[in-house]
Every structure is written in C-alpha cells, then in structure tokens.
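Single chain ahead, by itself, as structure tokens, in the form predicted alone.
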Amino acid sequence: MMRKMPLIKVKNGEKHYLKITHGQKRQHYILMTTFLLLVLTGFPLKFHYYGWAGSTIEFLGGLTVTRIIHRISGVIMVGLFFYHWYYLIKNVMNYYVTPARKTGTYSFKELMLFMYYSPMCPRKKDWDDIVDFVKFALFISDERPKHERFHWREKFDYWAVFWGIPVLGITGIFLWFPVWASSFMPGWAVNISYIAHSDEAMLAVSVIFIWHMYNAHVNYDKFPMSPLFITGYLPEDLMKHEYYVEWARINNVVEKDPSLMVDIDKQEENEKLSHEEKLKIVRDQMSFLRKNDRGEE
C-alpha cells in the first residue's frame, strides 16, 4: 500500500499527506451512494401518507420502481459490508501474518498488538483524547488532543456503520420476505423488524447528516468541504492541526525513505517542453508526412 501511493505529495509548493487509500475511497463512494439512495427511497416509503412522499415516489417512477431501487441499494450495501470484512482480513494477512511467517517471526501476541494498533481499533488513547477535548472545550486546558490517523469522532462514525448495516440488513430481509420470515418466527417479530428497521434508519440519517457532515465538512477548519474523500490527502496545515501524531509519523517514515514523497511540481516542471522542443516535434512530424506523401523514404 505504501509503495503504491506516496505518503506525501508536494503540489503548488504545499505538502499533502495521505490519509485514505484508493481502495478505501472506492468503498466510501459505494457506501455514500447506496446510503443516499436508501434515504431517497426509504423515507417516502415510510412516510407514504404525506404529500411530498407521494410526489417523490412518482418522480422515482412509481411504487414498484422505488421499492426495487431501495432493495438493490440495500443488497449492494450489505455486499460492501461483507467485502469490508474480506478487506480487513486480507490486510491482516498481507501486512503481518504472511510476512511474519515467511521470516519466522510470527507470534500471537504481536498479531494482537498489530490489530490493537490498527487505525480504526478503539483504544485507551481515544478515551484520553475525549477527556482532553472536553478540557479544551471548557477552557480547562489550552492544549488540544493530538490525534492519530483517525480520531475518536471518526471511529464513532465507523463503528456506528459497522453495527448499523447488520441491523438494517437483517430486518430488511424480514420485511422483504415477510411470509418466509414468519415461517420460523412469530408474526409480531416482523412488526418489530419494521420498527427496528425504520428507527435505525432514522438514527443513521441523524448521525450522518448532523454528526458526520459537521465533523467532516462543516467544521470551521474544513468548511465548505474537506478534499479528503476526493483526493485521499489532506493539506499539511490541516493534517498537523487535527492529526498531529499521524503527521509526525509520516514525516518520520519519509525521512527514512524519501522515495515515499513525490514532488508533483518538479515532475510537471521536468515534463514541460521548451518552445524549441515543441517546434522541433511539429516540424519533424510535418517533414515526415510530406516525405510520405511524395513517396520518399
């Protein structure tokens, strides 16, 4: 992963630090798209007795089409959930288990430490960061918490999705196939599934549109939009301000291996052609074509 993507890119004289990879961005795009489609189709279905809901369903192509879009989006989101499990296991195998076994240094204790220090694992530091944040917000301390690659608010987002998708997926299947579901569980369980499905959806919408959007985009140091979900990189001032520990870690890695930093400004400068070089290419091309027209070699 680290060799495929530079940890630091220099663009317009400013350093940009890697925070999420191409693969993680693609997973985020799929999650974001399916979530928006589920909201767009799910809420009109739930609140069908309101005028706006009927208009939305009609705009989407009718009740049948709205249900199909909702179910397809749900299936893709659940599929992404299982893919993410595969992605996590693959990373554990590729970045610790296989190299450690090949080199004869594998230990179960170190494997547990590898997973404990993985970016999204909740740790004692997250609790310490929450305490430090409260002290900072209440003017008890002047020092902000120094975060790692993902801070506690982002981990809350991540784990909320992690347990939310199974709840929505399982209850969604029961609502999709109520006759089948009631063949092995009491009928009232289907009604409970409806309540759990719609309430979990309301909770997810509240968390994403208020908590996540504020922290990711509307916060005063990111407004109007963070470039992270598009580029995967954050500018140095924001990285140092909000993810100081990760900023220091990447600098330490790049200091040991400078090839992990790419200066795009220098690359573009080196790739630029002088006026003389441009004219030479054009004149050589015209000369070749003229000779070809005359049948000359």
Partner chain sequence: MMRIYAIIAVMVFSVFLSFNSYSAPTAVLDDENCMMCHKYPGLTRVNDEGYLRLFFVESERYDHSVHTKVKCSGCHTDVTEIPHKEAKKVDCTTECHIKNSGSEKPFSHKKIQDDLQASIHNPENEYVRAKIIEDFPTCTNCHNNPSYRFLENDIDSVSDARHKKRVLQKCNVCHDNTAEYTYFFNHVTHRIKDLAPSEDVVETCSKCHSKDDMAKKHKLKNAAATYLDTFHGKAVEFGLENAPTCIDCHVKTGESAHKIMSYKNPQSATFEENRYLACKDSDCHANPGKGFGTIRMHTVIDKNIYPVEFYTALGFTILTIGAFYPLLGLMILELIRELFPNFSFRRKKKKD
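All values reported here derive from a predicted model rather than from experimental measurement. Positions refer to the first chain, counted from 1.
Below, we turn to the form predicted in complex with the partner chain, even though it does not appear here.
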Of 91, 98, 118, 206, the one that lies within 4.5 Å of the partner chain in the model of the complex (heavy atoms): 206
Listed residue that, although the partner chain is not shown, lies within 4.5 Å of it in the model of the complex (heavy atoms), from 216, 161, 173, 190: 190
Residue stretch of 261-269, 228-236, 40-48, 246-254 approaching the partner chain in the model of the complex, non-hydrogen atom distance within 4.5 Å: 40-48
Contact flag, residue 53 vs the partner chain in the model of the complex, heavy atom cut 4.5 Å: yes
Contact test in the model of the complex: residue 75 vs the partner chain, heavy atoms, 4.5 Å: no
4.5 Å heavy atom contact, residue 125 and the partner chain in the model of the complex: no
In the model of the complex, residue 112 touching the partner chain (heavy atom, 4.5 Å): no
57, 139 and 182 each touching the partner chain in the model of the complex (heavy atom, 4.5 Å): yes
Any residue of 151-169 that, in the model of the complex, places a heavy atom within 4.5 Å of the partner chain: 152, 153, 156, 163, 167
